[in-house]
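Consider the single chain below, provided in structure tokens and representing the form predicted on its own.
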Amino acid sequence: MVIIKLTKRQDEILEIVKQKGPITGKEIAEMLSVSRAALRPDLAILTMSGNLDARPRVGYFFNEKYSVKQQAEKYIHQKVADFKAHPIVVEKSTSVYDAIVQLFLEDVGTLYALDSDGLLAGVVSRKDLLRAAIGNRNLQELPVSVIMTRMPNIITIYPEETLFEAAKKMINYHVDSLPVVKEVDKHNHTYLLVGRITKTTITRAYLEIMEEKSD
């Protein structure tokens, strides 16, 4: 969907129709102190773009569904950088036992493992920890490096990518969280971890943007 940048008069027309609709073109022209002929191109643009609906002998209506689509369009173009959260990290030498404790203390579903240089080395999910804990009595001796997902199999997202792209990756790869990274060495798959994006982040961002509409 393409959103057309409206002129000042077109914005004024939308506001009038929101407040007074259904309303005729003649009535709108009188309120704006312009001729009906001068108003026709604006009404045509607003109708064809979906901002307004028109019914013969009734008048113009504001299209609430289109307004929601505009908000959705705004939502999908938001940058990951503006919504990323602080990542919860452990060293890759951390024991599975300590990682489980960290997971519950922080109330998250994913931990990010760092190497000795502070770069992203792996991802450890709640499922990984649960799988490791079943039937294993040596959790304090088992490092997360044994059970974590490693590069290049980690699905990442860059700060300049959009929330829409983040949501698609989560759905396509069946993950609940994405590490937000900056590339250090693409050839060697080394990345600096700068944040995280989760399904909860995506939902919260959507709600915030949609609530702006109702304010």
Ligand code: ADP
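The numbering used is simple: start at 1 and walk along the sequence shown. Keep in mind it's a predicted model, so treat the numbers as computed, not measured.
From this point on, the text means the form predicted together with this ligand, which you will not see here.
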| query | finding |
| --- | --- |
| This ligand: the contacting residue among Arg55, His174, Lys186, Lys26 in the model of the complex [heavy atom, 4.5 Å] | His174 |
| Heavy atom within 4.5 Å of this ligand in the model of the complex - residue from Thr47, Thr190, Thr149, Thr162 | Thr149 |
| Segment that reaches this ligand in the model of the complex - one of 137-145, 80-88, 118-126, 94-102, heavy atoms within 4.5 Å | 118-126 |
| Non-hydrogen atom contact Ile154 with this ligand in the model of the complex at 4.5 angstroms | yes |
| Touches this ligand in the model of the complex: Leu178 (any heavy atom, 4.5 Å) | yes |
